[in-house]
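Shown here is one chain on its own, the form predicted on its own, set out as structure tokens.
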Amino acid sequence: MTEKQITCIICPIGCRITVRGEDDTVLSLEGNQCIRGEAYAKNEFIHPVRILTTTVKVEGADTPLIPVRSDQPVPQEKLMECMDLIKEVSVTKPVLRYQVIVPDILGTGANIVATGEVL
């Protein structure tokens, strides 16, 4: 059996939740103060995901980098592989806010989109 201590980030309370389970099965959960914390801890135990934020090189512009992020969470185990791919990407101006820079990165369903603009 695996035990994980998870700090819930859904609300400002920041409950410390203890989750016990095996593989994709949660056997027990304690420490949450609401049902949202329970759902968060279960998901975090079974398959943690994160929004990926970073920068991409901009060629031929006064600004050498533009901020980007994933438009939906990416599996945590793929974050470093995504970063390796993104560091090889460069764009040319103009770049518009929410423009897709890398579609469906590594087959995750998440697009990497610009969060700034370079005109």
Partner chain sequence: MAAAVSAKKQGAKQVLVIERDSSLGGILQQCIHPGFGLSYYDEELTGPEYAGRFIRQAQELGVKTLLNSMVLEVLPDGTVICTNAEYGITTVRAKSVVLAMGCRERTRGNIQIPGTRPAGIYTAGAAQRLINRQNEMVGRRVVILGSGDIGMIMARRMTLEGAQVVAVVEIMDFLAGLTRNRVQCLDDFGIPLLLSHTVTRVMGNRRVEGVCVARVDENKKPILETEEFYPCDTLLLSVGLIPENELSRTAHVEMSAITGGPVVNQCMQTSVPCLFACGNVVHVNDLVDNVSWESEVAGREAARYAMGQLPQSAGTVTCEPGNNVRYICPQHIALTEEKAEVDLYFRVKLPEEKVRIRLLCNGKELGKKSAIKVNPGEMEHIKVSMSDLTAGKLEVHVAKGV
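Numbering follows the first chain given and starts at 1. Since we're looking at a predicted model, the values are computed, not measured.
The same protein has a further form, the form predicted together with its partner chain, not shown here; the description that follows concerns it.
Student: Does its partner chain come within 4.5 Å of any heavy atom of V100 in the predicted complex?
Tutor: Although its partner chain is absent here, V100 would stay clear of it in the predicted complex, with no heavy atoms inside 4.5 Å.
Student: Find out whether any non-hydrogen atom of R50 is located within 4.5 angstroms of its partner chain in the predicted complex, and reply yes or no.
Tutor: Looking in the predicted complex, residue contacts with its partner chain include R50, since a heavy atom lies within 4.5 Å.
Student: Is there a non-hydrogen atom of R20 within 4.5 angstroms of a non-hydrogen atom of its partner chain in the predicted complex?
Tutor: Output for R20 is no: heavy atoms all beyond 4.5 Å of its partner chain.
Student: So, in the predicted complex, is P67 in contact with its partner chain at a 4.5 angstroms heavy atom limit?
Tutor: Judged by the heavy-atom cut-off of 4.5 Å, P67 is in contact with its partner chain in the predicted complex.
Student: Please tell me which of A39, L85, L79, V26 lies within 4.5 Å of its partner chain in the predicted complex, judged by heavy atoms.
Tutor: Looking at the other structure, the residue within range turns out to be L79.
Student: Are all three of I9, R16 and T115 close to its partner chain in the predicted complex, meaning a heavy atom of each within 4.5 Å?
Tutor: Yes, all three are in contact.
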